[in-house]
Every structure is written in C-alpha cells, then in structure tokens.
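Take a look at this single chain in structure tokens; it is the form predicted on its own.
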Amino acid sequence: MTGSYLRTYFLAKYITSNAPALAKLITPLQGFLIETNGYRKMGLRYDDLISEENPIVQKAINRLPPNEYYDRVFRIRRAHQLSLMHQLLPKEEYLKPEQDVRYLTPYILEVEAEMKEREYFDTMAVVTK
C-alpha cells in the first residue's frame, strides 16, 4: 500500500512541476474526485485515509507530535461514528481544502528513506585486501 501511495505522490509532484499542460487538465478533475469521495464531509484529512497496517506507516504515526496524533485519532473516531449513524457533519464543519494538509506524508517519506538506507548498509559487501 505505502509503495503505491508514494509512487502516486511522486507522480503527482512530477506532473505538477514538469507537465503544466497535463496539470491544467488534471487539477479540475482532482477537485471533483475529492469532492465526490466525501472524506472532507466527515472531517477527515487525506492522510487519515492511509492504512495503518503497514510497518512504515506505523513508524511514521509513532513519530507524530502528540497533539497531531490525538487530532488524527479524534478525526478517525468521529468519522467512524458518523458512518455508523449514516450522517455527515454539518456544512460549516466540513474540512476546507486549505485545512487538508499532508501531515503524515513527510514522516512516511522519512521512514522509507531510513529503511532504504538501512537495507543498503545491511546488504553492503565488505571487501578485504
């Protein structure tokens, strides 16, 4: 899951920085897809949707500051409760696009880089003369 998420993340970054014509086509579609997905109507951020079943994501979540971790748990529990009641938040409580920031992605990238570095050093061959 995390590998595909990161590939998608980097592909989106590449498109927005290197293919402006394609970015102009995709950006309106992106807004439409986010709106129809409905996670903001339940008060969730995009990074709240990342599955916690991956060890990389678990390490990243453990690195979150305590207040951000608490906010994440609160948003997920509130969304779960709303889902059970088949309701959405009132319109004034919907998450606004400027509030939907990637708070977990930097930690995931950091953990993934550390794991790649650890793997590189663990598989390094020692040459003796």
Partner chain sequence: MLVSSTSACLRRAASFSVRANASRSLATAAADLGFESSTVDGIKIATKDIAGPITTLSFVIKAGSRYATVPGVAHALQRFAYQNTPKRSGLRLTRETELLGGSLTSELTRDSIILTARFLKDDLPYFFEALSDVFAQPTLARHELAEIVGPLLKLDAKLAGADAIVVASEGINSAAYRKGLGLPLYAQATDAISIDTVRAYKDAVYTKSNLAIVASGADISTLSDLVSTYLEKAPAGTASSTPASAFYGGELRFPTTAGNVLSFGYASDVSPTFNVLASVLGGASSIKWSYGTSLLSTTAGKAYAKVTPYNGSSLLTITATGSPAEIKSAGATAVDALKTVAAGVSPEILKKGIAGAKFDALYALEGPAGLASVGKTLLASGSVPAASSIVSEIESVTAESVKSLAEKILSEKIAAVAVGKVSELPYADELGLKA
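What you see is a predicted model; the values in this text were computed from it and never measured. Numbering follows the first chain given and starts at 1.
What follows is about the form predicted together with its partner chain, which we do not show.
Three-residue candidate spot Leu33, Tyr70 and Arg75; no residue lies within 4.5 angstroms of its partner chain in the predicted complex by any non-hydrogen atom. Of the stretches 58-66, 84-92, 38-46, 97-105, only 58-66 has residues with a heavy atom within 4.5 Å of its partner chain in the predicted complex. Although the partner is absent here, Tyr120 is a contact residue: one of its heavy atoms lies within 4.5 angstroms of its partner chain in the predicted complex. Scanning 94-129 for heavy atoms within 4.5 Å of its partner chain in the predicted complex gives Glu110, Glu114, Glu117, Arg118, Tyr120, Phe121, Asp122, Met124, Ala125, Val126, Val127, Lys129 in sequence order.
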